[in-house]
Ligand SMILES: C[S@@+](CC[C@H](N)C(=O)[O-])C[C@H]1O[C@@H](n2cnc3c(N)ncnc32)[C@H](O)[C@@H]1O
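Encoded as structure tokens, the following chain is the form predicted on its own, with no partner shown.
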Amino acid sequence: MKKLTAEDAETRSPDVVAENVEQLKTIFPEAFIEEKVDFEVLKQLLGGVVEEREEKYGLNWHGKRRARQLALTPSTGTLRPCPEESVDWDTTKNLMIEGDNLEVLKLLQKSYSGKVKLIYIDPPYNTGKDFVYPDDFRDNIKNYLELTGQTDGEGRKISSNTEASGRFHTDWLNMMFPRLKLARNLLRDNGVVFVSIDDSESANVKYILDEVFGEENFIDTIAVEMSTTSGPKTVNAQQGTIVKNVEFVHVYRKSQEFDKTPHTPLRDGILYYDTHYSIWLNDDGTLGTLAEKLLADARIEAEIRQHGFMDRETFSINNIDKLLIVSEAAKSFVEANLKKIASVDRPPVSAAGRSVQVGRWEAFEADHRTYYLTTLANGTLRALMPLSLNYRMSDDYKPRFGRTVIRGDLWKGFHQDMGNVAKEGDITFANGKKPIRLIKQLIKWSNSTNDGVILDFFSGSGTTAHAVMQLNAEDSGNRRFIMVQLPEPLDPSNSDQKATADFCDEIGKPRHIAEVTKERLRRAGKKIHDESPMFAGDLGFRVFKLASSNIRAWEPNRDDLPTTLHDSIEHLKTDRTEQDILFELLLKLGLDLTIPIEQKTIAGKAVHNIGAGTLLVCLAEKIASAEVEPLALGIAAWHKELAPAGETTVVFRDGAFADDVAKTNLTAILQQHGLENVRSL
């Protein structure tokens, strides 16, 4: 029976360096001498693709090498479950994780590598003020614990981004770089990442994204209109200042696989009717006019006359905007006949040489779509474009069915959301919130399907999770979310934080942002359920908190080795629960944190079945010699009943056995029944 210790590689997050070395060794074994890389040999093997110049294109800053190393350093932490703070713990597939996102991203590597469809982050903007992400990365568990206390052991301020370091961008870049490198590993091959940013770091973060994801995977930078030149900004503009109206979202794919997935076009509404759409396609192949058809409807004709839209006993299409405002009948008529109303356009190249009789129309298949062709009185061939191509529900602030235009990389109108954004989620958190609609539309565009895991590791008040739940309720989707938020302390003496700190006091929660996140998710889920009672989807979430490993590390006290040895007999920390240990096992063995867990009593001991027999765990504190055989046989029988598809790992508490003989006997019995992989903690 192999014993898992805090120093064992299996109890850590993946060692990326070791994995990279193994892959390199497989490809170029001759470049290794005594387990070390011979770079001269490697350069020869790679030929002319090795860049040896000291000067090269790219973004460099003080600490970049160290920041890269941070992403490669394995984690020895864990995530402790908090069912009492969760909603629908037993059934939900959503996660809300409280802790420093650098450490959390490392811990998620085994369980969620290549499983995330979409990442959206809105990191703290580098305004030259403090941002609460530790700039001493040597021990992230320690940093997390210090942050919850707001000071370190020496009482120095934890979160300092001084004016000087802010001006030179160094701290901010060192904070972002390792997190983006780790995040990329979690994306599926057809995944996408969105990074919201303002102009202070837009250029720099794009350089980082180019390096991490590859320039070839850059899709676009979206300019989002977050305000207009009004109010106080008008005064500045009148004095010649170019005022700021937009923020940016950089969009990168994981690989070309992203382009193989259909993407949903987003559309903005246009208030006016395009009067070029005046032609009517009769069923017999002849052409008419929309104006004639409107007059032929008795109800619509009466309203045209009532409102004075007749001109010499005819209706001019130039009056249709006015008519559609006052006549529901005319509006319904247009919406019911979108495929019959058309405008003249240029024909496809493949239609050259076609001939259609003047005054008639014919269907023509080309470029995987149907065109309608006609010939004008002057003999020119033209295409007829149905109104149905651009008349649909818009994605505006107030969506409406009408004429639309496909949106490009200028996303206008989001300033309208900003007036209500402080109230979204029914929580007090005004600063830095993004509109729910923005996140929903990014999700909609990225994938026309309605599933996938969505990650936000700078989750703030939880807008991304709220958007996921709301979008699921709208289209009956089953998207899942993983939110990560640092328990950033809130200072009521700070005018920017006072309202949020007071909100935490009102709900009886500690004053930090992660509590606001959780409360928003609770309230958002309840509101969505109340507004959409027929929606049976997932509105819950499991809460986990970053902590040091449940397994004791070997830390000998050389001045008192006997005591150290005695304390090390039990490898698990005494203040941790069985549930704590179970979820650390899930992380270390690469299993989903929402995987089903079933419990059964065997020989008087609780045994946990995780993932339909993938993992069987008994964490009983004492297993007497007489209990070994019935326990082992009972576990073997349950395993046979479960009949898992792959290999099963069986785990026990190392200190539970009376002696090594009992442990050996149990292992032998299990192995006789096909359970070869037996471990102890």
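Throughout, we count residues from 1 along the sequence that is shown. This one's a predicted model, so the numbers in the text were calculated from it and none came from an experiment.
Same protein, other form: the form predicted in complex with the named molecule, not shown, and the subject of what follows.
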Using a 4.5 Å heavy atom cut-off, which of 483-491, 382-390, 243-251, 348-356 contacts the named molecule in the predicted bound form?
483-491
Even though the named molecule is not shown here, does it sit in the predicted bound form so that Asp122, Arg179 and Thr463 each have a heavy atom within 4.5 Å?
yes
Verify the contact flag for Phe541: yes if a non-hydrogen atom of it lies within 4.5 Å of a non-hydrogen atom of the named molecule in the predicted bound form, no if not.
no
Taking the shortest heavy atom distance, is Gly191 within 4.5 Å of the named molecule in the predicted bound form?
no
How about Trp361 - does it come within 4.5 Å of the named molecule in the predicted bound form, if we only consider non-hydrogen atoms?
no
Contact label in the predicted bound form: Phe457 to the named molecule, heavy atom within 4.5 Å:
yes
Which of these residues, Gly611, Gly477, Gly432, Gly269, gets a heavy atom within 4.5 Å of the named molecule in the predicted bound form?
Gly432
The named molecule isn't shown here, but in the predicted bound form which of Ser86, Ser446, Gln109, Asn101 has a heavy atom within 4.5 Å of it?
Asn101
